[in-house]
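Read the single chain below, which is given as structure tokens and is the form predicted on its own.
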């Protein structure tokens, strides 16, 4: 049976692929560019966004990167104006912009507030200068604290802090100190990610050349267990593998991804998923700008997933959520039970104590949580 068509996408992602400096671990589509390139990009992006006007009703907007806060005040206002013209502001429930300490200023914060942004995701990573230097960040721990206070003073009541653990030479005490500092600031949301070594990054080059060594896996696991214990004991709901929120402050935009629902992406390299069809914009900034200017198709990739593969991705993404996936919801969407496609895998994983049923929801056990990537490969 063909799966039920999804509702029209109501989430918009806007990509700003510029940074003040490329971080040592980053493999995202981002570059360090001059003012002229950024201005050309923003003009092209404005054209792409204009074409979306009236097509969809967006409930969530997320401007990410890169580093959106690297834009000058003039550039930032141009971006925010372009977004506001393509959305129905009264319908938007969550409007997030990523920002990094070191590029965020009081005037930029004022602009964000003025144009309806109601959630900030602050890329802190660590409050310790030694760790920040290793990661290639341009800010200090004190910068991060000051930026957070400025955001609060401007009236932002929904702030996420990104933290990172598993760095070489990082101790459990270092990690606990970062968590304590974060909780003292009292953000509504905390994302805690393990450092990953991606191909093509300076971090991986240094690893391959023996300049650095990975942190012991047992210590990294202890760090993960520590963040779960510490944040849950301080009032944060562990609602996704790497994400913690105060009640009612879960990231609505990211929940769209984790539930494998539809979304629209704008900007170089941005991905859209609409009614089972996935497309990606041209990754290269200059080709993206020229393509928009010449009225060409800027899609560099497109596929329409077979129903069984779409169902597989839905299970994998939903298992990232601590509540797991509802069998009833799955049936409404695809017309059959999860077990009809994945019965053997489910029986095996339940037998190994890695997943379980909680009423009719299939979810990771605590044991499965710690090897989630391995569990999810069973559903590919």
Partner chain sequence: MSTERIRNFCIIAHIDHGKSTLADRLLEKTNTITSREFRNQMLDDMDLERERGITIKASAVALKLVCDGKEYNLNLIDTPGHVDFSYEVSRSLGACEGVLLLVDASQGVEAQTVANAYLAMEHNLAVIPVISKIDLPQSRPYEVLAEMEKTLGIDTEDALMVSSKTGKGIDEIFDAVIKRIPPPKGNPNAPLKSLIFDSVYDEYRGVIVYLRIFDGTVKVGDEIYMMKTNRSFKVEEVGIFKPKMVAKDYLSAGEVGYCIANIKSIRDVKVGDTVTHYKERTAEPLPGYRPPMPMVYCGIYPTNNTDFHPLREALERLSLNDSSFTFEPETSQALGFGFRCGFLGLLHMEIVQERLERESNINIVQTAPNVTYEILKINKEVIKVDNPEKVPPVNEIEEFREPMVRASFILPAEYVGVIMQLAEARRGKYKSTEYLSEKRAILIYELPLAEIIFDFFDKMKSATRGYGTLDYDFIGYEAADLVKLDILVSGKQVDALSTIAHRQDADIKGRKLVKKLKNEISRHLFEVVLQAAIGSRIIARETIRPIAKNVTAKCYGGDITRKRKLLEKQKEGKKRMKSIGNVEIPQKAFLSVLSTDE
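Numbering follows the first chain given and starts at 1. Because the structure is predicted, anything quoted here is derived from the model rather than measured.
Form predicted together with its partner chain: not shown, discussed below.
J.: If contact means any heavy atom within 4.5 Å, which of 188-196, 73-81, 147-155, 99-107 contacts its partner chain in the predicted bound form?
T.: Of the options given, it is 188-196.
J.: Although its partner chain is absent from this view, report whether residue 143 comes within 4.5 Å of it in the predicted bound form, heavy atoms only.
T.: Residue 143: no, not in contact with its partner chain in the predicted bound form.
J.: Spell out, yes or no, whether the shortest heavy atom distance between residue 134 and its partner chain in the predicted bound form is within 4.5 Å.
T.: No, residue 134 is distant from the partner.
J.: Within a 4.5 Å heavy atom cut-off, is residue 224 in contact with its partner chain in the predicted bound form?
T.: The answer is yes: residue 224 has a heavy atom within 4.5 Å of its partner chain.
J.: Within 4.5 Å, heavy atoms only: does residue 159 come near its partner chain in the predicted bound form?
T.: So residue 159 does not count as contacting its partner chain.
J.: Only one of 175, 127, 288, 263 gets a heavy atom within 4.5 Å of its partner chain in the predicted bound form. Which one?
T.: None of the others qualify; the residue that does is 263.
J.: Using a 4.5 Å cut on heavy atoms, which of 241, 231, 249, 87 is close to its partner chain in the predicted bound form?
T.: For this set of options, the contacting one is 241.
J.: Within 4.5 Å of its partner chain in the predicted bound form, counting any non-hydrogen atom, which residues from 311-347 show up?
T.: In sequence order, 313, 316, 317, 320 come within 4.5 Å of the partner.
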